[in-house]
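First, one chain by itself in structure tokens, the form predicted on its own.
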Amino acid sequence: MKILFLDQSGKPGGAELCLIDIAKPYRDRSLVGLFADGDFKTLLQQNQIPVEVLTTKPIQVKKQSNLFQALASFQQLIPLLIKVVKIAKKYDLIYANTQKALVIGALASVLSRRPLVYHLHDILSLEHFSPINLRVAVTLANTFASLVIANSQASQTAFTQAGGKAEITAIVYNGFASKNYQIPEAEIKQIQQELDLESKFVIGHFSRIAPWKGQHILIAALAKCPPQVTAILVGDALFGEQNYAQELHQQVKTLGLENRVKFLGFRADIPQLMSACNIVTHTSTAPEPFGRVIVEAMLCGTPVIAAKAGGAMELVEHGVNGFLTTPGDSKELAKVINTCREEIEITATIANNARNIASQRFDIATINQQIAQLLSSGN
């Protein structure tokens, strides 16, 4: 089967990292078409996956765009659509990996007479999307997609509650190669030395810098922990969220935590950094579609504290393979951090359980097999 994958981003977020794993088995008979240039293209090339940047003009529609903004942007999409239709005729299937890719993919599906699959990596709710964008996504998926792959039960439920057809959906979690998260002790110690983390209790936070990702919750919790507890924040402000990044720096300064918080920006060595942490925290204030960093931390053998909402609740069983806290509650988060710091043996047992469970439950070979079966069955 020859597949044309479409993705709107030039930057590697969770959906894009997932796409790399899905596209690998098809790299001798597929193309990834991007709507923006950037580091994601480089990652695809490093994995020997054919890629082409289909437009250099940024698509102006955002998750919160209104009807006028959406209509105004449609004219700029026409050249991109024409190009996608022409390419799609050389392939058997169009695989839309993001919402903007769904818009182009749906129209191209009709014009090229190729089936459409939509991989849903979002919670389609008014917390994340404007009413018009929500309606457009659900309508296009219902009308043109032969299959909607949801990355969690939470994503599928939000889709159907927004009016999506349950009968065209299937749940497939993200897959991971567990060997990539088995980091030698020497590498871990090297990173700890480089970042001056030795003899400290290190909390890691891994996500783009954005208000709903809740970095401010962790910083507030850190202020309620002993002085040896420090935090590393890994990720950049990607989508016009630089103001929030400045607010975080100011929060650190106000709380007198300058020596206890490190902003590391974008890093490619995530498994190494996670392995160098004593705990990884997930602090999203709105429901997460899946929670890729949660599984990555589990595979590293690092204890995870996650916000109790959305996809995270499908990944973490409190006290068994991780810990759950109320979203936005910095006091509760601080309490769990301090408990983990004090109860080292129990926490280590939970982290070991998490690694064993995650390596089986999210094995990339099994996940890719599930997707291959769905694509071949035409569901």
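One rule holds for the numbers: they count along the sequence shown, beginning at 1. All values derive from a computational prediction rather than experimental measurement.
The next section is about a form of this same protein that is not shown, the form predicted together with a small molecule.
None of the heavy atoms of residue 164 is located within 4.5 Å of the small molecule in the predicted complex.
Shown alone here, residue 214 lies farther than 4.5 Å from the small molecule in the predicted complex, counting heavy atoms only.
A residue is said to contact a partner when one of its heavy atoms sits within 4.5 Å of a partner heavy atom; residue 156 fails this definition for the small molecule in the predicted complex, lying far away.
Within this chain, residue 129 is remote from the site of the small molecule in the predicted complex, having no heavy atom within 4.5 Å. Of the candidate stretches 188-196, 290-298, 88-96, 221-229, only 290-298 contains residues with a heavy atom within 4.5 Å of the small molecule in the predicted complex. Between the options 151, 283, 302, 169, the residue in contact with the small molecule in the predicted complex by a heavy atom within 4.5 angstroms is 151. Between the small molecule and the residues 174, 109, 133, 275, the one pair within 4.5 Å by heavy atoms in the predicted complex involves 174.
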